[in-house]
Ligand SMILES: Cc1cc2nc3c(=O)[nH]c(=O)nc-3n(C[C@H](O)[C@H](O)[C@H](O)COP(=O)(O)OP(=O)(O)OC[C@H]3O[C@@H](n4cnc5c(N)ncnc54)[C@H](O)[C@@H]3O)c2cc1C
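Only one chain is shown below, in structure tokens, and it's the form predicted on its own.
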């Protein structure tokens, strides 16, 4: 049995789920003296943001490229807590490439010490970008103005597609920005995105400050990154239990303790944090104790739906591009990440790139050979050297449950951290964090659950890291 001795003064917590939500909750609570058992059903941490040895290519690969941004204050704070913040590569530039190879560079303006105040910091690059016609740039400016004030769209019931058509967006603006950059960030089609979430992405990444929009990518495999969480927990007297598939939970009214039944044995704890995807919690609901509010929670869970992310991993005998990442326009592949450059420890003879396709249910239906052939053909349109390079190996990863959708009205289906059961708290990117389905939302939910739990234990703590403050002119538009 995985539990603390009965005479231990430390309160015990079982955190179910080793994704970023569970890890952040576990590390925050261990940091203030709780004894935490982090239970993960797989043999490694990370959940949907993990890596593993792919047997087909004999390489450690991420299940999909995950990026963070400067505005993601809680995941940055989590990385700092577990000592891996130095393993993130940061950049402020974004290269957009059209078929045929023409490039446009987006990013903040800086000439020596001269910088433009937000939200004007990205304007010069946008005005120079050949990927947008003059009419496209005017349309984007019109839409940005409509999304500038944080509270102006908070109650919108429109889809992003309807809102964009009402704001007279051109086809160029729709295809090269809204259907690609914003739909990729939210991993959903514009006809299934609530306007407030799109507005949040626009403000955070492009308007509030140059720092908020900077992009961070791990220089090590994700599971290696999260080894820091395992070390942190063990150094703080807590533990990680892998391959511990949870089969049920029971509540003892007399001892006021939970017993979590796992494949590796029972775990008893004073408190539980359920840090699972919504479908994982759905599976456990029938075995949980009856309590007021359970039926309402079940109805909330039923309103969530998944969107897939696919990634194609390609190894070539030579360098394909000098870029470390790029946005690919007008084709089904959306993003390129040059993993050989981002992860130089691999010491490759040639190159290794990962191509990401967001929010495409059609691509997810392709077979392995079809998906790889399509990716190769499209990649050659951006980088002709692909036609003469030798493909040494390839892998296709389909994360069919990558994110939850954010259609209008979804906020009503996102519960808070406090559950219907005593001493049991909810975490996961899908709970009420104010953020879409991102790692930042997952970490925020972990911090919120840890705050609610610590308050219930009579030792209230603040774990949520404050947002970055808007800079320049944007600080007057809060």
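Positions refer to the first chain, counted from 1. The structure presented is a predicted model; accordingly, all values stated were derived computationally and were not measured.
FYI, the form predicted in complex with this ligand isn't displayed, but the following is about it.
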- Query: Taking heavy atoms and a 4.5 Å cut-off, does residue 447 contact this ligand in the predicted bound form?
  - Reply: no
- Message: Within 4.5 Å, heavy atoms only: does residue 67 come near this ligand in the predicted bound form?
- Response: yes
- Please run the contact check for residue 105 against this ligand in the predicted bound form: heavy atoms, 4.5 angstroms, yes or no? no
- Message: Is residue 438 part of the interface with this ligand in the predicted bound form - any heavy atom within 4.5 Å?
- Response: yes
- Message: To test your reading of this chain, name the stretch in 175 to 183, 240 to 248, 85 to 93, 202 to 210 whose heavy atoms come within 4.5 Å of this ligand in the predicted bound form.
- Response: 240 to 248
- Heavy atom within 4.5 Å of this ligand in the predicted bound form: which of 98, 399, 189, 227 fits that? Just give me the one. 399
- Query: What residues, if any, in 288 to 309 have a non-hydrogen atom within 4.5 angstroms of this ligand in the predicted bound form?
  - Reply: 309
